[in-house]
Ligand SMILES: Cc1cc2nc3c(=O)[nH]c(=O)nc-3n(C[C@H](O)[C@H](O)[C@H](O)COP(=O)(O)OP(=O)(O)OC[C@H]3O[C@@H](n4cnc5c(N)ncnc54)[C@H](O)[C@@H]3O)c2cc1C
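What follows is a single chain, given as structure tokens, in the form predicted on its own.
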Amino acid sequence: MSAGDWLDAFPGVRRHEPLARHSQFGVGGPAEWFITTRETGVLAELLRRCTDSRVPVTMIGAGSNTLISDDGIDGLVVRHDDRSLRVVDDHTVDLGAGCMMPRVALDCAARGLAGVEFGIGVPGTLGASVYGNAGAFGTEMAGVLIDCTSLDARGEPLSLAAAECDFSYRRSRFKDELRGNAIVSARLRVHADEPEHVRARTDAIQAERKATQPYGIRSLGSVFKNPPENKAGRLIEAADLKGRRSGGAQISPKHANFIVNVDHATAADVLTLVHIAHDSVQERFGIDLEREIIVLGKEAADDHRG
């Protein structure tokens, strides 16, 4: 049986699914095959069978910091959407990889559990947040993760303590030697507090986010990592690029390290702005900005700048 035969027959798999439907930015061509999974056993089977039949697998989260090619993605695209949240005790919550971090922050606040308030400012899934050591307003996943579990390319589980994830700024081992692993769950460190106190902190973070970042419009989050002792947004603004447009994409007039989808943007529109910002900052200030957004699909293979 060919890969196409067994994938076409696998329950829940769809052909040529438009990935723009699965991206907060609203951009992306079709997946060759696509499935949403919730059970770890189903994901493990898919990973093993895809490895055996040499079908590439791409895991996606909410698409909040990911730019998907206009030409789509070959192979199987999987969104693992386990959104379970279990309070183990006053110090630990156990989360499925599909949990949205703002929802985690609010649910923990309602339960009087503090420590993950920063999640209100991370518009992505738990799995993607562990993968990229996401952070906001002074806190990163590295500071709250106890441990996480992933599946390797053959569907075998691997559990790692936080210290084994080799976290650094917007990086973990899952971006390097464990790139083929799919994160399925994680345990986060919390502590008890009065619900109204926790909610006051999430509200304050949300208010600061609304005041300083584009809100209520599709964006890719921070496009570039902040260089040492500097801010990518400040550098891009100093290069006179705030409000610069390419097609339907725009460098946000509110925060220059954000690109927003103002009028049916394409991935090509976004990459044009990414290159303009990168090259302008390098030419004017001698700083080589490193991308924080992840590019998936054909453009990722063709594009090497920024």
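All figures in this text were calculated on a predicted structure; none of them were measured in a lab. One rule holds for the numbers: they count along the sequence shown, beginning at 1.
Below, we refer to the form predicted in complex with the named molecule, which is not included among the displayed structures.
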For this session: Choose from 130 to 138, 225 to 233, 158 to 166, 82 to 90 the stretch whose residues reach within 4.5 Å of the named molecule in the predicted complex, heavy atoms counted.
Result: 130 to 138
Exercise. Heavy atom within 4.5 Å of the named molecule in the predicted complex: which of Arg170, Arg201, Arg111, Arg103?
Worked result: Arg170
Problem set entry | Heavy atom within 4.5 Å of the named molecule in the predicted complex - residue from Pro123, Gly115, Gly143, Gly75 | Pro123
For this session: Determine whether any heavy atom of Gln24 comes within 4.5 Å of a heavy atom of the named molecule in the predicted complex, and answer yes or no.
Result: yes
Exercise. At the 4.5 Å heavy atom threshold, is Ile287 in contact with the named molecule in the predicted complex?
Worked result: no
For this session: Tell me, yes or no, whether Gln213 is in contact with the named molecule in the predicted complex, where a contact means a heavy atom of each within 4.5 Å.
Result: yes
Problem set entry | Arg209: touches the named molecule in the predicted complex, heavy atom cutoff 4.5 angstroms | yes
Exercise. Going by the named molecule in the predicted complex, which residues of 167 to 192 come within 4.5 Å of it through any heavy atom?
Worked result: Arg170, Asn181, Ala182, Ile183
